[in-house]
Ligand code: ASP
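Next up is one chain by itself, shown in structure tokens, the form predicted alone.
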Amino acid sequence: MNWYGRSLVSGCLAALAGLASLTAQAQAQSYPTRSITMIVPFAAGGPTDVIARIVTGHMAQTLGQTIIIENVVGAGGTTATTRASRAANDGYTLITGHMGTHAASVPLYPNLAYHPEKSFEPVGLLAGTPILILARKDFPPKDLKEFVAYVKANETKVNAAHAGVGSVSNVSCELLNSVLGVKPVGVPFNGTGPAMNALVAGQVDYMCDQIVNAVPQVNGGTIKAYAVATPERNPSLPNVPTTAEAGLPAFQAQAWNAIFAPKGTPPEVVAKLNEAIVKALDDEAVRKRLLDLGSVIPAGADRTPAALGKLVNSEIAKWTPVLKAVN
């Protein structure tokens, strides 16, 4: 091919590339034009599911399109997260992840098929969720000090429910067990909702869970709450002491939920989704529902994609040495 031919081909290729770029920009600017799928990596009724439904319900109004919640369970949330990482990066498949799927999974799963920082675009933080130490309502210990003594004395007999290896309920209780120096039997479920149902039914002894999943049960007297693992008491459960007040200051844990998109999702799409999150978190009805469940609503500076990216990075750094030591 002569110089003229090569120049013509190069020009055509450049024109096509430019056209593709303009088409992608136009699609991003008009986004969304159809319904969006929000993958929730745990069973319906769990804390991640509840928070996702509350926030995305308002986001759908802002975006003008339906957001369909799809619950995909398995492997502590990593099955769904792997699927989300491989979805088209057009903004129509998202995931509501959390501390387990996007931080603790790294040290817990050596062959993890995704990496929280490399496989996703952070979109926005939805809520912080304090961790509670919970037990079936007829568990013998009356307070946290008795709980600690009882679990240590009956280490081989008691069991702890969780939503799968790498889930928040699993990771936070692994930290608790490490602080106590015990290794009770772990009982996995396909989500925190089923685990909570088993606790209410008295089929398991105790669990560590996000407050969002426990407020109705604690207030209803169907389970016990020994302490909340945060520096301050939570307004939704004012009578539940902090772990420091109850005699176990070494156990501090708070989870979080956030929305992520597959890597390479256009910045314009991420910005629109983030704007919808911010509007949802500023809505009084949404705030009331989240606060009534014990959630901590992030401040303005913590709601940006960049802030979420930094949070994921810091959480991986925090949990990696802890969980490697436990394992």
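Computed from a predicted structure; not experimentally measured. One rule holds for the numbers: they count along the sequence shown, beginning at 1.
This protein has a second form, the form predicted together with this ligand, left out of what is shown; the following refers to that one.
The chain is drawn here without this ligand; in the model of the complex, the stretch among 46-54, 270-278, 297-305, 283-291 whose residues come within 4.5 Å of it by any heavy atom is 46-54. Note on the partner interface in the model of the complex: the residue among 130, 124, 191, 91 having a heavy atom within 4.5 angstroms of this ligand is 191. Although the partner is absent from this view, residue 163 contacts this ligand in the model of the complex, with a non-hydrogen atom inside 4.5 angstroms. This ligand in the model of the complex is not approached by residue 199, whose heavy atoms all lie more than 4.5 angstroms from it. Although the partner is absent here, residue 102 lies well away from this ligand in the model of the complex, with no heavy atom inside 4.5 Å. When contacts are judged by a 4.5 Å heavy atom cut-off, residue 95 does not count as touching this ligand in the model of the complex. In sequence order, 163, 167, 168, 169 are the residues of 163-181 having a heavy atom within 4.5 Å of this ligand in the model of the complex; the partner itself is omitted from this view.
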